[in-house]
Structure formats: structure tokens, C-alpha cells
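One chain follows as C-alpha cells, the form predicted on its own.
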Amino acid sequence: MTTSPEEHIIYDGRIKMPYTWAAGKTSSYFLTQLRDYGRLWGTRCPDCAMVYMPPRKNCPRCVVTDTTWVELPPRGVLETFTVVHFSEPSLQPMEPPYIYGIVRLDGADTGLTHLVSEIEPNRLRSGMRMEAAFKKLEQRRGEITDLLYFRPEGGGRQ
């Protein structure tokens, strides 16, 4: 009896998997402040004084667990960015092209990855001043998307 090589079949499928996730004490406070007041909070390590955005329960450098809350302004610097051209409608926040950036808020030592809008991708530059744009109060749900996106400081399409 002769044996034939094994045939490998690849199935390209998509599975939608709804889930619930407990944000925890630190993220819950951050998201509640974002939802109720449109305020951005980070955490400061009492040992090394690093300010983390998004906030951390523990300092990843010092492993200190008693970080303190620091309110951060809704403005900062675009550290880096990428323009997304790939289209996967069921997984993406909007139609491509769109921009993800890392914005280091004034007073923070780390950056927050989020959408960037109100500017053409070819006009973006690292080091640009950015400001947060929030959903209207009645539309906020306690999610990171209550922060709609960052835009060039002063607003308006550029």
C-alpha cells in the first residue's frame, strides 16, 4: 500500500467573540473621569516620579504599588504615528485611510496610543502639538472611545 502526502487544508474564517472585561480599579477611575468630566488622568510613581498615561496601578520601573493620580491637560505632542490603509470593516474604527498616533500629554512621561484626525496624513509630523477631542457628554459611555481622537492644537482641518 502506498501512502500519499497529507493534504493540509487552511480555512480562512472570522469568529466574532463578544466578551465582558472588568476594567479594574485603576482603569475604572480613568474611564469614569473621562466619561463624566472629559478629564484625562495619569498616575505618578512616588519613587521615580514617572507619570504614566494611560495610568498604571503599579510603576513598571520600580514595581511600586502606591502610585498617585495626576490630572493631565488634554494637550500634548505627537511622538509618532502610522497611517492605516488596510480595510477590515468589522474590526476597524473607521474607513481607511485613518491615523493612529502616540501622543505624550503635557506632564506625562509616556504616550497614549489613539486615533488622530482633522488633518491630512501627509501634513502630520512627529513633534506636532495635539489636543484631545471628546464625545459630547450625553454620548459618553465610560470607554476609551469617549476620547474621539487627537487633532492638531487649535482644531480645524489642516
Partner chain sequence: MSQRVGIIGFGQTYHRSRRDDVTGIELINEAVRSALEDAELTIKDIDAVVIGNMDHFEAVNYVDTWSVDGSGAWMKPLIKLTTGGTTGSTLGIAGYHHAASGLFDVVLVIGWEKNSESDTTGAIITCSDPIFDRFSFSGALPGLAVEASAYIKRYGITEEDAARVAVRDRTHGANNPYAQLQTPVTVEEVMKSPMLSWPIKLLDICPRSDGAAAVIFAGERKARQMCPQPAWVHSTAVRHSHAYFCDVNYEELHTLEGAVRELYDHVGIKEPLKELDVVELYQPYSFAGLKWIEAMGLCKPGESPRLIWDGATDMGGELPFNPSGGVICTNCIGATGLLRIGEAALQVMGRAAGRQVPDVNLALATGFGGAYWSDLMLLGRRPW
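Positions refer to the first chain, counted from 1. Think of the rigid core as the biggest set of C-alphas that the two forms share within 1.5 Å after superposition. Bear in mind the structure is a predicted one, so any value in this text is a computation, not a measurement.
Missing here is the form predicted together with the partner chain; even so, the following discussion is about that form.
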Using heavy atoms only and a 4.5 Å cut-off, decide whether all three of G38, L147 and G154 touch the partner chain in the model of the complex.
-> no
Sole residue of P60, G107, P46, P97 within 4.5 Å of the partner chain in the model of the complex, by heavy atom | P60
Mark E120 yes when one of its heavy atoms lies within 4.5 Å of a heavy atom of the partner chain in the model of the complex, and no otherwise.
-> no
L137 within 4.5 Å of the partner chain in the model of the complex, heavy atoms = no
Contact flag, T26 vs the partner chain in the model of the complex, heavy atom cut 4.5 Å = yes
Using heavy atoms and a 4.5 Å limit, would one call S126 a contact residue for the partner chain in the model of the complex?
-> no
Residues in which of 88 to 96, 128 to 136, 38 to 46, 65 to 73 have heavy atoms within 4.5 Å of the partner chain in the model of the complex?
-> 65 to 73
When the partner chain is considered in the model of the complex, the residues of 8 to 38 having a heavy atom within 4.5 Å of it are Y11, I15, M17, P18, Y19, T20, W21, A22, A23, G24, K25, T26
Any chance the CA of K136 moves 2 angstroms or more between this form and the one not shown, core superposed?
-> no
